[in-house]
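The form predicted alone is given below as one chain in structure tokens.
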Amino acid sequence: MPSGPMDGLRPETLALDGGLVIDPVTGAIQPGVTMSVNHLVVPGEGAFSAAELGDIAGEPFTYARWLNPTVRALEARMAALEGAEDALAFSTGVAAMAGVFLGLLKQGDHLVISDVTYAGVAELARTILPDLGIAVTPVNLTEPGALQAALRPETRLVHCESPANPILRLTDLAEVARIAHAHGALVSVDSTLATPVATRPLSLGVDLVIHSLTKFINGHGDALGGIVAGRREVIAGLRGRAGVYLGAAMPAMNAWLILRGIDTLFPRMRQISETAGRVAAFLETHPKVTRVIHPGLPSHPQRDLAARQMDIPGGMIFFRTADPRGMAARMAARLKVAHYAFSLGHQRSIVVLLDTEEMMRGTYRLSPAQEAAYRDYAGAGGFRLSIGLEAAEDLIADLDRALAD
């Protein structure tokens, strides 16, 4: 990974220059896109089997499923942003999460996972891993003593998400890392909703930080991607196993698009976060809204943790109304500035209803106590609102029209 001149630079600068290599032929500053699948090698320099390559990231470029120059530039940029020694890109965020689970865990191992995570990760852990002989225990990581009680001798990984999608519940990452490391387990965190602008989990003791690059980091709603960042030896092990054998390599064009998005990550996220704070404050006073959850609001149940762990509150809002299904229909019909759609983290604001019964039935299947804790945030269902780059005044007026009788 590039070092030396990058040491000591602030994250805002690293978002532009972390891992940047000026093209030696053209002098181009903006990274190019290398679409070639294969590259010339010196006889004896490469190997047919990836198993013989060792640390693939240190080898010459040979085949794009193993390593691509544009993807490698993205990995360098994200490693610099997270303060990591290395990073490994995947085709999607869920692929990155699958790479971590399948790259680190084997039959007989035990995973502790936050009981509320992104639906794709929750379903992957609950439906696929047990079939492979990997035990999975969902835990409310905000409850004192819950993690300690869940740990077993065979626990190898604790996975958390902060803020948690969709209810924006936070996890004390330093405390989770302290408990897990004392037990000999690694800690991973999905930091997609926070981004490195708000939180840099490795500085809090976490071993691996994962992002769905599709969301705020790309920020334009036009490229799928995922990444894992951490210590060099851990990433090298994941690259040699999951990176090569799962076949979930990131396309070069996606890496180029995401690099473009990272250039503006800090100013985008700061504007988005500021707008989210104004919209959340408006919603909290609206007569049709029964609860608003946003890490920047004084009413957030973990406001002190948010202030301690997040540099900015971020661009996500979760809110409830008395008639969520009826309100969802009105929003879909009335919204003109925001859009009623799935996904999040794009340049345009997006809102969607997440029905609690559906989430319990198809995604989480929580214990009675865990479900009660979820319903304390979500009730019968709530709206996940991802703030974009529109004027705050226009979003507020748009939501006001949609919420009206």
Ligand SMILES: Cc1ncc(COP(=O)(O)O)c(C=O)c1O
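One-based numbering along the sequence shown. This is a predicted model, so every value here is computed, not measured.
Below: the form predicted together with this ligand, not depicted.
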Using heavy atoms and a 4.5 Å cut-off, decide whether Ser273, Gly277 and Glu390 all contact this ligand in the predicted complex. no
Have a look at 301-309, 249-257, 78-86, 93-101 and name the one stretch with heavy atoms inside 4.5 Å of this ligand in the predicted complex. 93-101
Contact residue in the predicted complex, chosen from Gly243, Pro295, Gly225, Gly315 - any heavy atom within 4.5 Å of this ligand: Gly225
Contact residue in the predicted complex, chosen from Arg268, Lys215, Arg239, Arg169 - any heavy atom within 4.5 Å of this ligand: Lys215
Does at least one non-hydrogen atom of Glu161 fall within 4.5 angstroms of this ligand in the predicted complex? yes
Under a 4.5 Å heavy atom criterion, is Thr192 part of the interface with this ligand in the predicted complex? yes
Would Leu344 count as touching this ligand in the predicted complex under a 4.5 Å heavy atom rule? yes
is_contact(Phe319, this ligand) in the predicted complex, heavy atom dist at most 4.5 Å: no
